[in-house]
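In the form predicted alone, a lone chain appears below as structure tokens.
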Amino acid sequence: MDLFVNAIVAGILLGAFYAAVSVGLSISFGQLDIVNIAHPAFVIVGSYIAWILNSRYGLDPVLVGVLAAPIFFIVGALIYRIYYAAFERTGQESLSGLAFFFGVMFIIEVVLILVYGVDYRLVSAGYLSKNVDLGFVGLPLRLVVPFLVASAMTGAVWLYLSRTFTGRAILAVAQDRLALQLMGADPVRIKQFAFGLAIATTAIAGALLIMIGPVEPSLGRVYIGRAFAIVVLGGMGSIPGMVIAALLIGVLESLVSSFAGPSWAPAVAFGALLITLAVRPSGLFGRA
């Protein structure tokens, strides 16, 4: 029973981090219909930036992620302009756009390998090695702090999308482009802003990732299938559904790792995705 409860708690903490990784993809893929398979690669870039500034200047990883987010936003906005001019404007975004983001992912991974090698990198902070014990439940701060930061970031993104004009315009741009234009909004600018916001979240998610465990350039591949599975499982573009799906995947992976072995954990996300597509293809909450 002790092992079971600790696995559940660890799964919830891990699930919140999965939500932080997936929230940007829920915007770009779930709401803008942009299949950005390079999304986890940007998370890894965020991890390396956190590692560089932490190892050289002793900056806290969370602070680095927050400071890097505006830069990631600008990069995301520029990438969307290239994507729009080359593919979306000409109606070639389906296959050619997918190849474009595959190329972006490949370039990021190769550059990181050439510059920093394939060694695992890890950040240091005084609180990362400490635990908080609540009876027989152990709460490692290396999971608790990412849980709190991930919850705050995901909640802030959801509030922005649901409470502001720009946020509601992002939700509307994939549903009724003409109606959005009649309201005086430029769909291209709205999508550019939304894609920049999606990439900005990867800066913070990357900082949280390297707090949880060591990172190397190809680690992003592990999160491609997991992040897409969470977005589809929760319902395309639904932030609350994505959060519930992330927590579900986190708990299931933790239980499987504890009782069946870590090698079985990666299959959880794909298994849950296949079951969901067979029983409820629209996901837990349907499309936003």
Partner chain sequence: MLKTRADKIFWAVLAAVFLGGLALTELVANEYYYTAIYAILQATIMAVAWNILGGFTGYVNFGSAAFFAIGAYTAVALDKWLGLPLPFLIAASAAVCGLMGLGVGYLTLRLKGVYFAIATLAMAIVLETFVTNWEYVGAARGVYILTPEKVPFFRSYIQLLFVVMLALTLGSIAISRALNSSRIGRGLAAIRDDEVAAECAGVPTLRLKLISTTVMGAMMGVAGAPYPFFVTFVDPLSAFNLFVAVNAIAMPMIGGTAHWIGPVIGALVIGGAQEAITVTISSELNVLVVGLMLVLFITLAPQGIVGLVQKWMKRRKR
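For the two forms, the rigid core is made up of the largest set of C-alpha atoms that agree within 1.5 Å on superposition. Predicted model, so just to flag it, every value in this text is computed and none were measured. Residue numbers count along the first chain shown, from 1.
What comes next is about the form predicted in complex with its partner chain, which does not appear here.
Stretch 104-112 is the answer when you ask which of 121-129, 187-195, 104-112, 137-145 has residues with heavy atoms within 4.5 Å of its partner chain in the predicted bound form. Contact check for Phe73, Arg81 and Ala156: none of the three has a heavy atom within 4.5 Å of its partner chain in the predicted bound form. In the predicted bound form, none of the heavy atoms of Leu63 sits within 4.5 Å of a heavy atom of its partner chain.
In the predicted bound form, its partner chain sits within 4.5 Å of a heavy atom belonging to Phe29. The shortest heavy atom separation between Tyr48 and its partner chain in the predicted bound form exceeds 4.5 Å. Its partner chain is not shown here, but in the predicted bound form it comes within 4.5 Å of a heavy atom of Ala86. Contact with its partner chain in the predicted bound form, judged by any heavy atom within 4.5 Å, is made by just one of Gln92, Ser151, Thr166, Ser162: Gln92. Proximity to its partner chain in the predicted bound form, defined as a heavy atom within 4.5 Å, holds among Ala68, Leu53, Val35, Leu247 only for Val35. Contact annotation for 203-225: residues with any non-hydrogen atom within 4.5 angstroms of its partner chain in the predicted bound form are Arg221, Ile224, listed in sequence order. Relative to the superposed core, Ala10 undergoes a Cα shift smaller than 2 Å between the shown form and the other one.
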